[in-house]
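Shown here is one chain on its own, the form predicted on its own, set out as structure tokens.
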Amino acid sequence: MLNTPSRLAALIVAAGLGIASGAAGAQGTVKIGLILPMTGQQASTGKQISAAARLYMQQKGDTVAGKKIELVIKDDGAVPDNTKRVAQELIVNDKVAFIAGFGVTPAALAAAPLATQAKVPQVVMAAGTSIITERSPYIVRTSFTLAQSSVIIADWAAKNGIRKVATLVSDYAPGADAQKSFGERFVKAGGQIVAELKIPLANPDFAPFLQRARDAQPDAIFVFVPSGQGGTFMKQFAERGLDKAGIKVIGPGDVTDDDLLPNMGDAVLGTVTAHLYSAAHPSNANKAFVEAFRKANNGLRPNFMAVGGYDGMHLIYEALRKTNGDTDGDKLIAAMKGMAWESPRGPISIDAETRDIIQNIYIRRVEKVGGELYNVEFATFNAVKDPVKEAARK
């Protein structure tokens, strides 16, 4: 193959990344590059994760295994080209030992080749498409996969009198994951998918899709929209009168995101979702987490993104303890595999084979607690692995 200018540039970048990784390990300061959408449609994700990361450092200190921890936060606006550029700058110029965050799947995928080239652990704290951890041996996830919740809510719906469902998902990889995982499981259990609708990810107008869903006369609408868009969906759901038509809303918990739920209004009452976390999770660890988070952030309620960020920081800290401060990427990844701990969401662990998260999934119903709307858990599915990877193993 000819060494074209672009190919030579790529080779130079790869060489630079390798050097950067080695340099990071020799430093007394360990830098964590947090790449998040602090602006744009996904800004709530960036706000939640960065707040959680800062809270973790405030609580646990900024020194681990004799190394000073420094958090470097960069805004990518959830634009993959920005993610790639920022990740490269963090690795080459800032000499970070970790890149972390990643509000959406395309952003996580854009950084994956750089993590591989530099042998720098990439801790995914938000993005939820199953395939992400397969894109680099240096990726570890502390958030979720869409399939984990989508399969669980399909089982619940089939057992609770829901026979016909219209699916309505955002038109990008996580939406496709959610739609496929739910649909296959629900049909296998005897249910019927009466419509499959995909909504543009950017600037969505749900109204025409809700009308098409209503025309299909389903018992329920299975909906997946990314964190931050659930409030708009529920508002238009009520405006179109679907709640009064007796159509239920089910899905993964993004649609009743704790960050936005308090302002959604009574139309959302009774909505049943399957998800990894609720601010109302009744454990002492979670009560302490919610209280500390709200105190540090002017009363802001933490959501599932915040927990992904908080647990991501825990994973990084504990991996550094296990390596005694050594930032060699291979040693850090080996330390992370199989790690288990008690999170505010409940018991979690990192699958030693897939580097993906294993966690409880909860069935929740929106109820009023002390005058505020909360996702109240009423059933638990323990230690759920990613169903997509599990099916591939069989």
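Residues carry their position along the shown sequence, with the first being 1. These figures come from a predicted structure and were not determined experimentally.
The protein also exists as the form predicted in complex with P-hydroxybenzoic acid (PHB); that form is not presented, and the subsequent description refers to it.
- For the options V223, A111, A97, L146, the one in contact with P-hydroxybenzoic acid (PHB) in the predicted complex, meaning a heavy atom within 4.5 Å, is L146.
- This chain lacks the partner; the member of S181, T167, T142, T129 within 4.5 angstroms of P-hydroxybenzoic acid (PHB) in the predicted complex by a non-hydrogen atom is T129.
- The closest non-hydrogen atom of T105 lies within 4.5 Å of P-hydroxybenzoic acid (PHB) in the predicted complex.
- Contact check for D76: no non-hydrogen atom falls within 4.5 Å of P-hydroxybenzoic acid (PHB) in the predicted complex.
- In the predicted complex, P-hydroxybenzoic acid (PHB) sits within 4.5 Å of a heavy atom of D254.
- Among residues of the shown chain, A306 is not one whose heavy atoms approach P-hydroxybenzoic acid (PHB) to within 4.5 Å in the predicted complex.
- In summary, the region of this chain contacting P-hydroxybenzoic acid (PHB) in the predicted complex, judged by heavy atoms within 4.5 Å and restricted to 282-290, 111-119, 79-87, 226-234, corresponds to 226-234.
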